[in-house]
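Just one chain follows, in the form predicted on its own, and it is written as structure tokens.
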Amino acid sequence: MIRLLLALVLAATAATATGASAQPLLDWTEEEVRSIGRHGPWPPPPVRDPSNRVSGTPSGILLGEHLFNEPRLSGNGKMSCATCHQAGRDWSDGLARAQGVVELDRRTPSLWNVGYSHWFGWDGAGDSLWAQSIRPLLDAREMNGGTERVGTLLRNDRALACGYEKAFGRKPGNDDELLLVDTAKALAAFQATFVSPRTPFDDFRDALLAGDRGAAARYPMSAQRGLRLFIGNASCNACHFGPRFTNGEFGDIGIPFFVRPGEVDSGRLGGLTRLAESPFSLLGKFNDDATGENARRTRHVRRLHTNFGEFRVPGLRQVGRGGPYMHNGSVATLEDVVKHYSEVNPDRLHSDGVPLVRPLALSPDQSADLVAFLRSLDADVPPRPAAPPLCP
């Protein structure tokens, strides 16, 4: 009898310990599972830009990596793309506002997964990644390099000239504008390789779809509750949907437009004006896609007054590692981001636009759960190895 009682006690103790170590799993509906499934799989297949002849090519990517880290592209010879887009800071700089030759009005965006986008920059003034890469090279407030400086560097630097010839199949000639565009295309080829790693959310999503309850139950309960809010009552996935957690478009979320007294940032409205004026858009002569099919979106986009104050909807992968937040770096922490959406003032939304957000009025526990979910979209990134030489 004593042995039987001891066995029952040991069994009960083991069962209690097992139960304590096992994570519970929410009772997900079929509709919720389908919604969660649409946020994957991850990573997606590699992307190739038909407007960029060196997109996806090893020689183009290697040349782009060297150029990305090349300070001689800047006017003062001290600033490269990597100055603001730092690998160790998730391809941003951790500053509220970017610092070029002067402090800028917008935050340096992360470049994670940028190759999958179809509009570029906070205002969408670029319709290709290579066109967007030209802007900081020329902007007097940023790198202040200039077209002639780029061409001279490619012609006179033996390693870069060799890398250029390998990538483009010709020596760098005397057409400085063409060399500027080709530099940007190599930069774009390199940036398109910045694909963020898999995250705890991805493991949960895959296990849930596979019906593996044991594996799915390893996902923390707080993150599960936050995910349910994200796809449910909070409707965050109305804009942040798909594997990259963004629709790739623009919206007004109640962030003030004023940059300084008497000056505003018009956002998408101004971006569309710059796009229409750019000689480097997909409608121009530098588009490598002879069919012109990839220019359809640019051809049909319309500049509307409702675009005033709209800014790009960023992807949320690595979001917990990428603060400060919003286009102007005005929100310091992820907790503050959730607070903004919980308490957003509808009067701050542009009156002519269709409201994308509403005050969520989250409780403290709900806010904490939503933050826990967002942090489950983060993953550690191993250090990048040094780039091999262009021409050994």
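Residues carry their position along the shown sequence, with the first being 1. In this text the structure is predicted, and so the values were computed from the model without any measurement.
The next section is about a form of this same protein that is not shown, the form predicted together with a small molecule.
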Residue 180 within 4.5 Å of the small molecule in the predicted complex, heavy atoms: no
The small molecule contact at residue 239 in the predicted complex, heavy atom, 4.5 Å: yes
In the predicted complex, residue 127 touching the small molecule (heavy atom, 4.5 Å): no
Heavy atom of residue 99 within 4.5 Å of the small molecule in the predicted complex: yes
Among the candidates 216, 111, 223, 160, the residue which, in the predicted complex, approaches the small molecule to within 4.5 Å (heavy atoms): 111
Contacting member of 167, 137, 208, 153, with respect to the small molecule in the predicted complex [4.5 Å, heavy atom]: 137
Site check 68, 84 and 234: each within 4.5 Å of the small molecule in the predicted complex by heavy atom: yes
Listed range touching the small molecule, judged in the predicted complex by heavy atoms within 4.5 Å, from 142-150, 281-289, 299-307, 167-175: 142-150
